[in-house]
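There is one chain below, alone, in structure tokens, taken in the form predicted on its own.
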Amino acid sequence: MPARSKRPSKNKDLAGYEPDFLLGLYRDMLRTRALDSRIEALYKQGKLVAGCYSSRGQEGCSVGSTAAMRDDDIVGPMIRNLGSMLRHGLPMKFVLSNYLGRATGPTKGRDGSSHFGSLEHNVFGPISMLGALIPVCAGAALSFQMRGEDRVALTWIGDGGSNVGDFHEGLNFAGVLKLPLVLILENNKWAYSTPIEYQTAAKDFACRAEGYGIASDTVDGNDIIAVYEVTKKAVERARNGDGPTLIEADTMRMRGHAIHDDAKYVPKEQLEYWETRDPVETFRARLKKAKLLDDDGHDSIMAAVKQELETATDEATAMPLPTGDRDTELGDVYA
């Protein structure tokens, strides 16, 4: 087993959950993986001009945590939290239109990657400067506190991004003011090509919460139910005025830093080990064991996901490209 691979799933019984909820989680992981694969294919076909960052292997963390949020809560996804965007209501065509640089997309063709959000859906856009979204979401949480709203802000960071100043400043600020903020640190083993043993001498990342005087927890990031439960607990604490929580999710980045990165630096045996803990396949097996899903049910869900994806791709592709005229280019840039 690779170093620091810990917190295996306890594989909790699914009893007590509504079947529609469980199947909805499964469907959203399938939607995330399907859209992720389509974006990767478009990149390799030369139809995208910006970076492509895969979330393969981390769908359970994004979908499970976002499932614990209300629609009026804020989520601030990072580049590998595509599942959070979909779970919080962003349509597939909305996502694809940005990657394809369409004028009617969320950034109107200015960004061809994942740096977009939707205030209509209470989704803050990812920021290239990793960690910068933590103080932004802390600011949103402060606004909830000042207005007396029982809303919560949720964002994510990777193991590498947790070493920047914004991580410290945002969490310290949230801790001092007891803001309703939940931060999930996705320990996905690699900060680009730097393994975690060269990032910190601490026993884990969750222990950093003690320095800010805030709550912490750890979870198997590939167990979607465990992620949902630990996030739900943190969200309830935040909503009740008990302050922020740092959650370390043990997971694995199954692609390179970006699609152009072949990740040759990752040991083959490490990828093989984590392939056996694939969040989609392991949850599918649990649903089958609980007799909530059979092959026909899976095929039906997959057919619906495929139809949704094909329709979204066609609609996004048919959207117009930016015209390039001066007024359009300068709009939304300068006041």
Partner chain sequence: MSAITYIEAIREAMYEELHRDPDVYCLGEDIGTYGGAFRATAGFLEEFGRPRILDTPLSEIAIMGASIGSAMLGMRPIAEMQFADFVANGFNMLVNFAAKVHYRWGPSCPMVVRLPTGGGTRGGPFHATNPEAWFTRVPGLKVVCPATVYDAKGLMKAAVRDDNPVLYFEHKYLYRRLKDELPQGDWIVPLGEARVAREGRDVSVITYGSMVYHAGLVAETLAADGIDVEIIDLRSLIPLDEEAILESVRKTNRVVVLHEDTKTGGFGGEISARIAEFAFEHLDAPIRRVASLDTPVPHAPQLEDAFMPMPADIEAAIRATVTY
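Numbering follows the first chain given and starts at 1. Computed from a predicted structure; not experimentally measured.
The same protein has a further form, the form predicted together with its partner chain, not shown here; the description that follows concerns it.
* P91: heavy atom within 4.5 Å of its partner chain in the predicted complex? -> Output for P91 is no: heavy atoms all beyond 4.5 Å of its partner chain.
* Asked: Would L133 sit within 4.5 Å of its partner chain in the predicted complex, counting heavy atoms only?
  -> Yes, L133 sits close enough to its partner chain in the predicted complex that at least one of its heavy atoms falls within 4.5 Å.
* To do: Tell me, yes or no, whether G165 is in contact with its partner chain in the predicted complex, where a contact means a heavy atom of each within 4.5 Å.
  => Taking the distances in the predicted complex, the answer for G165 is yes, it comes within 4.5 Å of its partner chain.
* Mark I74 yes when one of its heavy atoms lies within 4.5 Å of a heavy atom of its partner chain in the predicted complex, and no otherwise. => Yes, I74 sits close enough to its partner chain in the predicted complex that at least one of its heavy atoms falls within 4.5 Å.
* Asked: Hey, of 218-226, 81-89, 232-240, 109-117, which bit sits against its partner chain in the predicted complex at 4.5 Å between non-hydrogen atoms?
  -> Single hit among the candidates: 109-117.
* To do: Can you work out whether its partner chain is within 4.5 angstroms of a heavy atom in all three of G16, T104 and T276 in the predicted complex?
  => Answer is no for this spot.
* Can you name the residues of 125-141 that have a heavy atom within 4.5 Å of its partner chain in the predicted complex? -> Contacting residues: G125, P126, I127, S128, M129, L130, A132, L133, P135, V136, G139, A140.
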